[in-house]
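Shown next as structure tokens: one chain only, the form predicted on its own.
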């Protein structure tokens, strides 16, 4: 079982967006996309905190991935985000807006 918890806060309006996904319960094409994005960014090796502090009015993201054997949480922001993580954040943001 793999679960992804996603939260976006901040921005000019300060609106919070959150999403919880059980990858095993998603259609296989969606699950495969998200699993691929997790693998591409090597999610479990990313640092928990960004190297750069967020700037005012930018979005801050919290992502937790829980599997049967490991749980890892990261915090990042638009300016501090690793480039390899951006496609995952964009996909999770898109799914959160649809929820």
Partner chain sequence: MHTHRFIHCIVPPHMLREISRSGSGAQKIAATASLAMSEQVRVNRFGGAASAALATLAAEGVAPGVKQRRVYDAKNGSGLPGILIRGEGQPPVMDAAINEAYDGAGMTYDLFHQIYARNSIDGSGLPLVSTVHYQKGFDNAFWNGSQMVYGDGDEDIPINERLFNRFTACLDVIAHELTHGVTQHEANLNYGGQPGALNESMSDVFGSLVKQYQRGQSAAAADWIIGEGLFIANVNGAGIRSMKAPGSAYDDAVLGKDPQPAHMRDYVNTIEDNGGVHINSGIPNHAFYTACITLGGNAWEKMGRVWYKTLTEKLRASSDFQNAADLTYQSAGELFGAGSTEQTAVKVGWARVGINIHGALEPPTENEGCLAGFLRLLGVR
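Here the structure is a predicted model, which is why all the values come from computation and not from measurement. Positions refer to the first chain, counted from 1.
One more form of this protein should be noted, the form predicted in complex with its partner chain, which is absent from this view; the next part is about it.
Its partner chain is not drawn, but in the model of the complex it has a heavy atom within 4.5 Å of residue 55. A residue is said to contact a partner when one of its heavy atoms sits within 4.5 Å of a partner heavy atom; residue 22 fails this definition for its partner chain in the model of the complex, lying far away.
Contact check for residue 78: a heavy atom falls within 4.5 Å of its partner chain in the model of the complex.
Taking the partner from the other structure, its partner chain in the model of the complex has a heavy atom within 4.5 Å of a heavy atom of residue 9. Contacts of stretch 28 to 48 with its partner chain in the model of the complex, defined by any heavy atom lying within 4.5 Å, are made by none of its residues.
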